[in-house]
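Next comes just one chain, in structure tokens: the form predicted on its own.
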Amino acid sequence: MTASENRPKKSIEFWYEFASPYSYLAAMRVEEIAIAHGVLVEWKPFLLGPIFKQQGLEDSPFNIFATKGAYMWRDVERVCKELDLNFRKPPKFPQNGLLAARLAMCEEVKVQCPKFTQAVFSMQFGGGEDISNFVNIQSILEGMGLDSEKAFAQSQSEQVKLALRNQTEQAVQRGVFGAPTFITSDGELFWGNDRLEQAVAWAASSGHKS
């Protein structure tokens, strides 16, 4: 093994919430951009609800402030067109992403976490479907060749529930306040889909502490 192979690889943490439209945009392109820069992506699902509550919010800011919400949906629609992504506004927002987040952390699913995450986002914001619906998520799991019965059982285990709570708490400790958020291995934080390229470039040039 060469010295370069021994060197720690550059990486970026991708913190996302399944109910977040901008996380959809980032999830569909983060791997391709990161690979082009030689950066590994660590997929980090978490829950924004507890963070919003800490901020004194009982709902998404996009619902609380109607003008901001209207802008967000139009913006997401424009970006989807630019990226050639399907877009269909779901009938309810925000959706309950708890089941999907727990599943993403299950042993059965997390080895294919990027593919599962993209499929859930595509179902929600590409197809306008309900991601809290058991049957909808089951179709994703089985379409990936995964054991849906095993995955659902794991998602209800105390181990997985605790792991998701801990990951959400870790997000708060790392300074995450919204989604998507990117954190490089030297601790630099970038918030928003529109900061994805900048975050990856930073990770590529400063990808780990020496």
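Small disclaimer: the values here were computed from a predicted structure and weren't measured. In this text, residue numbers run from 1 along the sequence as written.
As for the form predicted in complex with a further copy of the same chain, it is not shown, yet the points below apply to it.
Of the heavy atoms in Leu57, some are within 4.5 Å of a further copy of the same chain in the model of the complex.
Although the partner is absent here, Lys92 sits far enough away that none of its heavy atoms falls within 4.5 Å of a further copy of the same chain in the model of the complex. a further copy of the same chain in the model of the complex comes within 4.5 Å of a heavy atom belonging to Val79. Of the heavy atoms in Asp130, none are within 4.5 Å of a further copy of the same chain in the model of the complex.
Annotation: in the model of the complex, residues Phe121, Ser148 and Phe152 none come within 4.5 Å of a further copy of the same chain through any heavy atom. In plain terms, the part of the chain that comes close to a further copy of the same chain in the model of the complex, with a heavy atom within 4.5 Å, is 68 to 76 out of 96 to 104, 113 to 121, 136 to 144, 68 to 76. Although a further copy of the same chain is not shown here, in the model of the complex the stretch 151 to 178 places heavy atoms of Gly175, Phe177 within 4.5 Å of it, in sequence order.
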